[in-house]
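Single chain ahead, written as structure tokens, the form predicted alone.
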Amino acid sequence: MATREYSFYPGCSSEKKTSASNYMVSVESMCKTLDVKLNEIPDWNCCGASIGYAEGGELPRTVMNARNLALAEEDSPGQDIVATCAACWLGTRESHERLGKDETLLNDTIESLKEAGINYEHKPEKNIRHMAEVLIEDIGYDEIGSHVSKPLEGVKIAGYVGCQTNRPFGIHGESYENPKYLDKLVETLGADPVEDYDQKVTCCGGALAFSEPEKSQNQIKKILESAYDFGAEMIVTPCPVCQMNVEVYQDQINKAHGTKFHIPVTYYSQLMTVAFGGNAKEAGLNGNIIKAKKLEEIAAK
């Protein structure tokens, strides 16, 4: 039996051959070392984040999240639900809280799910958590540090938290303006945190990436410039949307502004897998567009 078990909501971006499939590879490797068992919610569905942007309405999105909550409770009763995607975590937690405060929305959700043969019972005590919360609040830096066999020595890393894993919820006890948990995690893994990095909670403009790309890319440019200004060789983030946007648009930003950005953007779980002794494949480093060469070198030792 694993030391810790959670009901797991992977989200669409972590599916095979999708934008964050390498994130899932590294999470599985990381959890194996930490003796954490993730019980995937059977037949889970999308959190509905995209229909929120498309004015899809509150009820459809709430029903989609409530369906996952009901399936999780049926499969793994009493377990906290953990998500690796910031949007999935935020949407599920937000829906859960609204269902506890809005009786009309709750009744409409219950009736909608009944038509699909699913019984939803609201459980106020249910916890919906991001994987970063589990790492910091349940496992802790000391235990994480005890598994480090290949310290990430000599690598300067900027911790980019983003907005969805910071507001309105976030890691317990952390500042909204200057959360430190990624800095502490980077240090625990033996690397050098760029603690003066001043864009760690700036939005990457994910919601504007297609509708207003110039605005989105201006946001990303600020995030990258700050990392370079403070000497970072790598950026680490807990959000798949942030990872994708800050990585894939660097070429477009370079062409538009005459810059020469080429900085790897990784997940915390990739750093942890390598520091725990995993190889590049186990860390999902083959899925990064801008190769994290220093991580690959450490992984190959």
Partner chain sequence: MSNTAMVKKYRNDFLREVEEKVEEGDWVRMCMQCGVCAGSCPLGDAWEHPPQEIFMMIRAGKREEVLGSDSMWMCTSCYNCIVRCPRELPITHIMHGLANYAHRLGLAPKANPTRRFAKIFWDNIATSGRVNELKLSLGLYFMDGFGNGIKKALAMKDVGLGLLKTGRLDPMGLFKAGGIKDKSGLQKALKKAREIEDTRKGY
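Residue numbers count along the first chain shown, from 1. Computed from a prediction, not measured in an experiment: that's the story for all the values here.
Below: the form predicted in complex with its partner chain, not depicted.
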query: Partner-contacting position among 133, 94, 80, 187 - heavy atom within 4.5 Å of its partner chain in the predicted complex; finding: 94
query: Of 253, 38, 263, 244, the one that lies within 4.5 Å of its partner chain in the predicted complex (heavy atoms); finding: 244
query: Contact at 63, 205 and 291 by its partner chain in the predicted complex, all three, heavy atom at most 4.5 Å; finding: yes
query: Segment that reaches its partner chain in the predicted complex - one of 137-145, 172-180, 120-128, 187-195, heavy atoms within 4.5 Å; finding: 172-180
query: Residue 199 within 4.5 Å of its partner chain in the predicted complex, heavy atoms; finding: no
query: Proximity of residue 112 to its partner chain in the predicted complex, heavy atoms at 4.5 Å; finding: yes
query: Heavy atom of residue 58 within 4.5 Å of its partner chain in the predicted complex; finding: yes
query: Heavy atom of residue 154 within 4.5 Å of its partner chain in the predicted complex; finding: no
query: Within 4.5 Å of its partner chain in the predicted complex: residues from 9-24 (heavy atom criterion); finding: 12, 13, 15, 17, 18, 19, 21, 22
